[in-house]
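In what follows, one protein chain appears twice in different forms, each by itself as structure tokens: structure 1 and structure 2.
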Structure 1
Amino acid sequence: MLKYTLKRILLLIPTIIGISLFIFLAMEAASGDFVSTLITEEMTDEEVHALRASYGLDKPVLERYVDYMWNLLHGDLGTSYTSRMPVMELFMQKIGNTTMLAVASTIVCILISIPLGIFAARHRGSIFDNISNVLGVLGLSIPNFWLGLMLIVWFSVQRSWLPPGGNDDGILSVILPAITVGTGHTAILMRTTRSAMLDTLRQDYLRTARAKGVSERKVINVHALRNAMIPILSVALTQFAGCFGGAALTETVFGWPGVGKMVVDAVKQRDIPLACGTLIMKCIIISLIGLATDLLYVVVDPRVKTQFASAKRGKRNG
């Protein structure tokens, strides 16, 4: 297990290098840079060159990239061009809002997916099973930005029930963004719940429980669901990582002051250190969530632990 964990952590290094290099090259290929947003008609060529040099943009892109990676190895994510503040400080200011949205979105996803998955498994092949599958696919197919705009129109503009954006109204502010993000992840978790429940419902111990007079509700919600929770829990944690990393459009639509919106703004403003540093931190967090999911799976499911042990013994014997 220790070797597996270290291997997963070391895989972060090429991932970080790839992400940072892609951002540098993509922004270099785009028309203009950060200084181009500051240039006025009154500025001379010398003043423009001096301004570009003050941000280090007079150097070739690969030289700037090497300098950035060298600073990154020393724990420095750089300084934002726009705010002149350390990227890590700006990231820490926004990470709490993104985490809140990810948690709320995952709760919405679970509240929709697990009941639908259980219901579909209990009524396999029926019209209810087909309807639940259609609802799950619709949640996956509808674009987040369109659903977010429709929710704003329905619940904020027409009825004034919920705030249209920002986070000034506490828990009420997160409801619409959480529904927007959470519904987009329902299909996978619902299908996983359905499949896990179908496998569990075929087990002999459930027939024994029914024969002993245990109520059907207890058979489903206690015995069957408890034994089907391992794959469901694994996918739910993966969905949490997806909600954490894929909410940029939703944060922009709702003006939610999170990390995703900050990345979008940084790209628009050609703020390379802010965009690069923020995406690197998101990548690290999402990778650690994935690692924690895998380790939890091994701890919860003894069969996986046995597979690790068997593979280790096989290598020794070989």
Structure 2
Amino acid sequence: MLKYTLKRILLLIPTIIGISLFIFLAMEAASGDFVSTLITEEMTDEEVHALRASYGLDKPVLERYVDYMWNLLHGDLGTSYTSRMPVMELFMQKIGNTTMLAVASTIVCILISIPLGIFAARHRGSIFDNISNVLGVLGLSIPNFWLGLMLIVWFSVQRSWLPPGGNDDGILSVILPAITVGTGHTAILMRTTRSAMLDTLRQDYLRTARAKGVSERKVINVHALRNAMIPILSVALTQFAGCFGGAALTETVFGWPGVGKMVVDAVKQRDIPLACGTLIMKCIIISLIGLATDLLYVVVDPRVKTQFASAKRGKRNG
């Protein structure tokens, strides 16, 4: 298993190279560069050239890329053009907030999807099943942007129950953004739960359990759920990882100081080191979460666990 983990971590290297190269080339292809955002009416062409040179932006893109990668090898993510602070420091300032939002959103998503999915599976074909299906699709189609603003209007402006943005109030501030992001994910997770449960509820071993005298409640919540949880958790964790990549729109609407918004701002301002560095860090985090998800399978599913164990010890099946 250690070998497997190491292999996965090593895979990060080509991923990082790919992503950074893509950013550099994409920013290059976009019109304008960072200095274009700084130009004021007083400056002459020569001054603009000088300013460009001071940022190293007069060098060709591949040369800048190699410089950047060389620094990256030494653990230096570069310095942001806009704030002239090290990218790593900027990232660390905000990653905690994005993590908090990701955790909260996933909790919201799980709290809604799993009970609904289980209920829908058990009452398959009923009107409840259909309603929850519609609600799920609704959650998927409602634009985050609109939902976020509406929540602010309902809960912050019309009633002062929750703060309209920012993160001063700790857990209270995260509720509305978490709901905004979470509802988008509920459709998928609810569907997954429903089909995982339907699949599991068909299984013969539940009949064995009932024949043993296990109570119906325990049959569903222990025997069935424990099996259904495997694909459900996998999807939930994937969505959790996705929160780190996206949520930029929600972060903007709520003024949530996270890394999603930071990347969007960086791209708007053509701040290549910030955009590239942040995306690399995000990519690492997402990959690590993916790795954790796969390793989780080993813990949670005995069939996978013994695969590793027996591969290691060369044990024969009995």
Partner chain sequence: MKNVKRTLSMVLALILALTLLAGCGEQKETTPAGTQGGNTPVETTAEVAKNYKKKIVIGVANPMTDDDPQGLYDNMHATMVNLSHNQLLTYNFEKRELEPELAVEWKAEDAKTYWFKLRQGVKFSNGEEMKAEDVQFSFTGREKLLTESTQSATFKKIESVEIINDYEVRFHLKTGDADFLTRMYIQTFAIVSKKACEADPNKGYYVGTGGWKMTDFVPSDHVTYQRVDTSWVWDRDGYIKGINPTEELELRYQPEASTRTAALEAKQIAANASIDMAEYDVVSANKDLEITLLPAEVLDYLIINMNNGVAAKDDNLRLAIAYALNIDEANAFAQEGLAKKTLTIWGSSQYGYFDDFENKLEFNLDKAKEYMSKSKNPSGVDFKLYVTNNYEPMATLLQGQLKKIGVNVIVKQTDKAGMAEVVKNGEHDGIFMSITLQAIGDRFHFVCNPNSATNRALYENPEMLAKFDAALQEVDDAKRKELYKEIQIELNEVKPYIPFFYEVLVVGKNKGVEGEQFLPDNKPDYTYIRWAE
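Treat the numbers as computed from the prediction; the structure is a model and nothing was measured. Here, residue number means position along structure 1's sequence, counting from 1. Here, rigid core means the biggest group of C-alpha atoms that superpose within 1.5 Å across both forms.
Quick one: identify the form predicted on its own, either 1 or 2.
Structure 1 is the matching one, since it is the form predicted on its own.
Aligned on the rigid core, do the two forms place the Cα of Leu172 2 Å or more apart, comparing between structures 1 and 2?
Superposed on the core, Leu172 moves its C-alpha less than 2 Å between structures 1 and 2.
Tell me, please, whether between structures 1 and 2 the C-alpha of Val222 is shifted by 2 Å or more, with the rigid core used for superposition.
Yes, because once the rigid core is superposed, the C-alpha of Val222 moves 2 Å or more between structures 1 and 2.
Upon rigid core superposition, what is the positional shift of the Cα of Gly18 between structures 1 and 2, expressed in Å to one decimal?
Once the two forms are fitted on their core, the shift reads 3.0 Å.
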